[in-house]
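Shown next as structure tokens: one chain only, the form predicted alone.
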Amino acid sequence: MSRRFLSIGECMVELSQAGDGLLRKGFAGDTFNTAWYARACLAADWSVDYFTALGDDAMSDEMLAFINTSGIGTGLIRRIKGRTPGLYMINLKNGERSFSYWRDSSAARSLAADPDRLREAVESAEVVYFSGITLAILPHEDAETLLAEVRRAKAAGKLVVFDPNIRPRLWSSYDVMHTTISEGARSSVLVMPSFDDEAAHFGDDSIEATIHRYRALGAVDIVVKNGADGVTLNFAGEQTFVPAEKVEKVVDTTSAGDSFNGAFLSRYLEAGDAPAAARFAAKVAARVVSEHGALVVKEKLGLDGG
């Protein structure tokens, strides 16, 4: 019997530099990227589904076909008449990225506007994954709808996973951002923050402070990513450090954290060994940042033999 991993959020049209002033079109977005890497790394008896909303335009059709051909289920994606996907462009300098966005009228902003469809999607999965960006793009009442559903999933014993993925420009105020991200963590079993975000926007002065804050909110397990300085795991109160893999040349960090999350969850769901999952995910993330773009094909991830 197939087990289901559900990722909730926004997939966008991605424009990346192709040289000579040209741009390359693709599709990506934080929770979709994680679904992509989870699909690449999970065993065949897991299905991976994406929950979002798309428009009825040609670009939405193309995105839906791309998600399907990636082996990710699209059966519960909403289609909204007259709407379009969001778009972003990657600007790269010395391997570090910055983004320009066009997403104010994105169809994904209405992904939680149909509570029945959202509940059907969440109830169908054993694992539910969402992010701070998922919450940030939603109107307040829809964010509350989503939080209510993931709280319900947590209470039902599902593995609810949350990456705070803090992007202040998406929020109306710091207070709203702090409150809503904290509620996302409170609604989750496993929280996977990035320490640089937590230090910058919550004022944490140490990884231990980040772990303490999220545990106090009700997270059971915590994975704190810290870039080249490795990953700190706190599972059931037991703390472990896993170093990052060395990378000869960083090309593009666009999907470093997303790929780590997808790879980590794939191994953790299979064996329940968090340190081993983190070591595997560090290897995958190292390969991802050595390539261009958010989505690196499975053949380049070096997955043979785990």
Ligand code: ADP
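What you are looking at is a predicted structure, and each value in this text was computed from that prediction instead of being measured. Each residue number is its position in the shown sequence, starting from 1.
Not on display, but discussed next: the form predicted in complex with adenosine-5'-diphosphate (ADP).
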Any chance residue 289 has a heavy atom within 4.5 Å of adenosine-5'-diphosphate (ADP) in the model of the complex? yes
Do residue 260 and adenosine-5'-diphosphate (ADP) share at least one heavy atom pair within 4.5 Å in the model of the complex? yes
Evaluate residue 285 for contact with adenosine-5'-diphosphate (ADP) in the model of the complex, applying a 4.5 angstroms cut-off between non-hydrogen atoms, and reply yes or no. yes
Going by a heavy atom distance of 4.5 Å, is residue 84 a contact of adenosine-5'-diphosphate (ADP) in the model of the complex? no
Among 134-142, 112-120, 220-228, 68-76, the region lying within 4.5 Å of adenosine-5'-diphosphate (ADP) in the model of the complex by heavy atom distance: 220-228
Consider the chain as shown here, without its partner, and state which of 271, 43, 250, 58 has a heavy atom within 4.5 Å of adenosine-5'-diphosphate (ADP) in the model of the complex. 250
Could you work out which of 64, 28, 276, 244 is the residue within 4.5 angstroms of adenosine-5'-diphosphate (ADP) in the model of the complex, going by heavy atoms? 244
Could you pull out the residues of 16-39 that have any heavy atom within 4.5 Å of adenosine-5'-diphosphate (ADP) in the model of the complex? none
